[in-house]
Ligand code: F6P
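Next comes just one chain, in structure tokens: the form predicted on its own.
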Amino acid sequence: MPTQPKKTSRIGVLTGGGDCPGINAVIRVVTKAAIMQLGIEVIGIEDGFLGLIRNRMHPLSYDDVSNILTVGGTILGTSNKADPEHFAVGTDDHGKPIFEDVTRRVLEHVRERRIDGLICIGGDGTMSGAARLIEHGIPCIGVPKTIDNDLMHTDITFGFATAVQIATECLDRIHSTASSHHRVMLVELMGRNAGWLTLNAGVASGADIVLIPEIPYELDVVCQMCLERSRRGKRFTLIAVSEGARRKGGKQVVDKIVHDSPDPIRLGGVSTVLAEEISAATHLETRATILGHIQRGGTPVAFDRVLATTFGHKAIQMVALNEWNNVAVRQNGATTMAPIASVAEQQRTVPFDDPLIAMARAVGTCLGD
């Protein structure tokens, strides 16, 4: 079992994976509450686990985290490539990355900085990394962050509400141009293998067709919906499609492979492929828009500011009570905790009986099946 600190005097805080609105709100409350309420020092670790590997860290003061609540991104930087157990240290003669386990280096840097435990802000990848550090004796506390909303054991993650708002506004704007030009318009949203973002934004915007990874679509069904709308005088169709959506019996569309990443597959481009297929089958003018990283940027909405602050405060309470190796979660409206090991290496996807799916079907939204 990992050794638990008897008295915490210094903690490290890092942000891993993709950036999202609300991270700075967590850094702010963790740092201020640690200093003011617990009297302990806070070390900011730069660029997620990469900072642990390369010993890039610096103290955080009260003033360092003032006026960052509304700022998007993360003042500490982040990385989605730095896995201590599988870290690219160079390339071979053929240009392929060479990976090494540099966990021992991380342990040395943590001891050198006299860090008693880590606050790890991130999604499933970050929690998986934290779970492995716990096995090596470094106590960790997790804070759930991802616009994908796919972390296990929590009903919601911060960053999700802002991403839904941004995606909905973009869909609304595409809606008006689709109507003006009488086109089938596809908008591709993020989410990887989970359809939470696309489903919520699709319902919020009144998209005619919503395609998510959990429900493989049939091209004929999608095309028929477009043609039926055209015959009824609705000369446009708005389609919200998740980057992880796929045809029934088919595979997800891969944008690229990042060979030096522990999670090398990058999804993307399904909207472009589907637009061409719809155009060929229906002869309707069709366009695709990929929102990309715009969904992750900018100022967090009020809900995410409060949720991120709530999670960060819960993390400091867990430090005070020596409740290490857990992640703060929201369950049935209450903020509680779950073991980090129970959320590692997993993704929370949309269940088939989710109420929002039934609501979408009730108003005539096509889900492609």
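Note that residue numbering begins at 1 and tracks the sequence as displayed. In this text, all values refer to a predicted model and were calculated from it rather than measured experimentally.
Beyond what is shown, the protein has a form predicted in complex with this ligand; the following relates to that form.
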Quiz item: Any chance R54, T103 and G129 all have a heavy atom within 4.5 Å of this ligand in the model of the complex?
Solution: no
Practice problem: Heavy atoms, 4.5 Å, this ligand in the model of the complex: which of 68-76, 147-155, 271-279, 230-238 makes the cut? Say which one. | Solution: 147-155
Quiz item: Does this ligand come within 4.5 Å of any heavy atom of H293 in the model of the complex?
Solution: yes
Exercise. Report whether the minimum heavy atom distance between E188 and this ligand in the model of the complex is within 4.5 Å.
Key: no
Quiz item: Can R183 be called a contact residue for this ligand in the model of the complex at 4.5 Å between heavy atoms?
Solution: no
Quiz item: Given that the partner is absent here, does R266 sit within 4.5 Å of this ligand in the model of the complex, heavy atoms only?
Solution: yes
Quiz prompt | Single option in N80, Q165, S205, T286 placed near this ligand in the model of the complex, where near means a heavy atom within 4.5 Å | solution = N80
Quiz item: Is any part of 213-252 within 4.5 angstroms of this ligand in the model of the complex by a non-hydrogen atom, and which residues would that be?
Solution: E243
